[in-house]
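Given next, in structure tokens, is a single chain: the form predicted alone.
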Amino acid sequence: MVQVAVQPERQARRKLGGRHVRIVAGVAVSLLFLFPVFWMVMTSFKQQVDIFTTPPKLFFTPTFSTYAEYLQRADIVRRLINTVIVAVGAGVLSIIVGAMSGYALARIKLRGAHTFGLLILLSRGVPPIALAVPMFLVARKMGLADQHITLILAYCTFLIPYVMWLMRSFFVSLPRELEESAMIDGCSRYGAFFKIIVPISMPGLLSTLIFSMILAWEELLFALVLTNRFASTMPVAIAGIAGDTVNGANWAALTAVGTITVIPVVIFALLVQKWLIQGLADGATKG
């Protein structure tokens, strides 16, 4: 009887110890990944002299001169607005087209649909530089170079396959009886999709939209090739600062502009974390 009573107690202690180990490991991994971000933000408040001290200074007199200098530049503010326009436009357009394409692959029985879907997925493996140059030549020929719409359509080339396959797996997990009941009640295929499937899939749609916008926010190559001044984005500004070095890299400017670029993403993620977590949880449960 004593052994029977001791055994559950040992199991409880093991579970508690395992939980503590997982918590400590999670905190350690989080700190490891967040340390570069912390170092970037801290460096952005340092003077150029303090950045190159050996050993590095953890305590210093912060300065806002770098932020003041670059926030007063019209191109930084304009590029930040351009990044928002392009990220939102590309995200919304890709979620509309990708969700409908994913639904078609999940529900409609077409000959060669699976092969067609695989070909679209394999397009993700095409090197972006192989597409950027032809896109630039076509855009210049059509008079659409350095325009928001050009960059939005370019981003959709890698966002739509991503959205399509994520949403396809989500739609496959939904029972067909939902649409069949709606169509028996008089709904068309489009009506069943927009009135039944879309509301049920909203957490998955929102989480996919969030990831798509973040991917568009940080993209550099297409923005570097297809834009010049009018539609230039923040990653291009960072690349320009990194390339404009005479006496070494201007780390204060790089980290300051990098922090300005990261802050909107962090704020956006905090605002939508409820839907993001719900979408990921539903995907894990249904997948």
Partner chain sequence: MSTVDLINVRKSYGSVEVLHGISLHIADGEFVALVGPSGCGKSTLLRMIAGLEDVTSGEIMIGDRVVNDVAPKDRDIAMVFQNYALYPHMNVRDNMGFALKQRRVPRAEIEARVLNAGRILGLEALLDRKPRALSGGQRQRVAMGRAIVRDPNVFLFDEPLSNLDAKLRVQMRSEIKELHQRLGTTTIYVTHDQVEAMTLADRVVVMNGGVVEQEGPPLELYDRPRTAFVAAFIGSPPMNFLGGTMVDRSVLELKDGTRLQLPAPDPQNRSRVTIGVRPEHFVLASDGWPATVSIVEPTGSETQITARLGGHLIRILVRGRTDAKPGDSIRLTVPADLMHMFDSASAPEVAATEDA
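Residue numbers count along the first chain shown, from 1. Every value quoted in this text rests on a predicted model; they were computed, and no experiment measured them.
Heads up, the form predicted together with its partner chain isn't pictured, but that's what we're talking about next.
Checked against its partner chain in the model of the complex, the candidates Leu137, Ile81, Val97, Leu178 yield a single residue with a heavy atom inside 4.5 Å, and that residue is Leu178. With the partner omitted from this view, the residue of Leu215, Leu153, Ala182, Leu131 that lies near its partner chain in the model of the complex is Ala182 [heavy atom within 4.5 Å].
By the criterion of a heavy atom within 4.5 Å, Ser169 is excluded from the residues contacting its partner chain in the model of the complex. For Gly143, no non-hydrogen atom is located within 4.5 Å of its partner chain in the model of the complex, even though that partner is not displayed.
Contact annotation: Ser173 falls outside 4.5 Å of its partner chain in the model of the complex, judged by heavy atom distances.
Interface residue remark: Pro199 is counted as part of the site for its partner chain in the model of the complex, having a heavy atom within 4.5 Å. Residue heavy atoms within 4.5 Å of its partner chain in the model of the complex occur in exactly one stretch of 159-167, 143-151, 191-199, 116-124, and that stretch is 191-199.
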